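What follows is a single chain, given as structure tokens, in the form predicted on its own.
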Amino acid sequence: MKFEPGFHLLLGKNAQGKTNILESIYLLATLRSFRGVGAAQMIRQGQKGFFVGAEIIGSQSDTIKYYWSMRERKLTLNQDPVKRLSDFFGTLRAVVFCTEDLQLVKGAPRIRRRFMDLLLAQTQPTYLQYLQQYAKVLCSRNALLKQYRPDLNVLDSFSRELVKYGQALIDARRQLIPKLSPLARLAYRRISADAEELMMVYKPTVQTDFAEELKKNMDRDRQYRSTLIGPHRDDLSLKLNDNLASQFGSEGQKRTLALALKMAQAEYLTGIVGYPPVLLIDDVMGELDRERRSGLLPLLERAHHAKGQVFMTCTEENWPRELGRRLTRWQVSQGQVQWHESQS
């Protein structure tokens, strides 16, 4: 398939393969599925593994190839094996809008942490490296805490490493949210017609000095045999008119908030790198009323003017006609994609 810059509408009945195309593009950008499934669940039934590859044309041309099976994993960038993921992230930047986004508001704190981490990994070269090192040290420290009589010197050594990498994560998140929050507030206002005021607050479990608090918390850590404070326990508080959206927001408000967060993510990436990310919109337009859909239009227009790309999946029945300008339509049926018609 060759996709030119612009708006691509993928039309077809359910279970025909529309989402597979979006998932493939997202995999090339993040090495993850946006459906919340592991790599093993993405393998076609009866096959040993999956492969996705593309040539990404931007300011330069990059070729990505990614193969995954239970026995073998291969990721290459311009024919060279990727040794460090921090060297790979940012080759392609994508933001997905999908029904799973509701979990950003309703779901567990780890989903909101992942939202922050992905954004930082795509914009700060060292962040992913620190995140990986932190996860490794955390795993070792927790394994030691599970022992009946852990070696306190080794535990102290792991604690120092945890503080070193953990503080870098906390600092990056602290700097991110004040920049992201105004973008999300503006997006929410635009979609909801100034109905409520959105407030985003980063909630770290470490309040002052990480090393000191970790030391004070040692008895509890040993009691629970786990590290109870640190960036792996942080959260992002989302409030509407000072009330927690997860507890007091209606379904419509939660959906609007999730949409606003993704719009803010796209705007932030555009501001940092100077061009819009690829926008992937998976069958959510049919669930939004006209007002919420119109709130998304400025983002799509900016992507169009910057010669970016937007991919949207819809059925024939629910595709929003107001988005029908300057788009390329593709028909997806039984895993086959066919150019349908172009509209201007």
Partner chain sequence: MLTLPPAVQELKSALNRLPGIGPRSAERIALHLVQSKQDAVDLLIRSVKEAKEKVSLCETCGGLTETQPCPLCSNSQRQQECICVVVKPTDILTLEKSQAFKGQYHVLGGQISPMNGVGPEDLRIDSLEHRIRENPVEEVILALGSDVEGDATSYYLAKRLSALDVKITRIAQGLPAGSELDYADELTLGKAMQGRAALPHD
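Under this definition, the rigid core comprises the largest set of C-alpha atoms superposing within 1.5 Å between the forms. Keep in mind it's a predicted model, so treat the numbers as computed, not measured. Positions refer to the first chain, counted from 1.
The next section is about a form of this same protein that is not shown, the form predicted together with its partner chain.
**Q** Would residue 76 show up as a contact with its partner chain in the predicted bound form if we use heavy atoms at 4.5 Å?
**A** Flag for residue 76 set to no.
**Q** Answer with yes or no whether residue 153 is in contact with its partner chain in the predicted bound form, where contact means some heavy atom within 4.5 Å.
**A** Because a heavy atom of residue 153 falls inside 4.5 Å of its partner chain in the predicted bound form, the answer is yes.
**Q** Residue-level contact is defined here as any heavy atom of the residue lying within 4.5 Å of its partner chain in the predicted bound form; does residue 125 satisfy this criterion?
**A** Contact with its partner chain, yes.
**Q** Closest heavy atom of residue 161 to its partner chain in the predicted bound form, within 4.5 Å or not?
**A** Yes.
**Q** Which among 195 to 203, 243 to 251, 136 to 144, 173 to 181 is in contact with its partner chain in the predicted bound form, heavy atoms within 4.5 angstroms?
**A** Every other range fails; the passing one is 136 to 144.
**Q** Find the only residue in 115, 210, 89, 130 having a heavy atom within 4.5 Å of its partner chain in the predicted bound form.
**A** Among 115, 210, 89, 130, a heavy atom within 4.5 Å of its partner chain in the predicted bound form occurs only for 130.
**Q** Of these, 157, 226, 103, 217, which has a heavy atom no more than 4.5 Å from its partner chain in the predicted bound form?
**A** After the contact test, the surviving option is 157.
**Q** With both forms fit on the core, is the shift of the CA atom of residue 86 between this form and the one not shown 2 Å or larger?
**A** Yes: residue 86 shifts by at least 2 Å between this form and the one not shown.
**Q** So, does residue 71 move by 2 Å or more at the CA between this form and the one not shown, with the core held fixed?
**A** After core superposition, the displacement of the residue 71 C-alpha between this form and the one not shown reaches the 2 Å mark, so yes.
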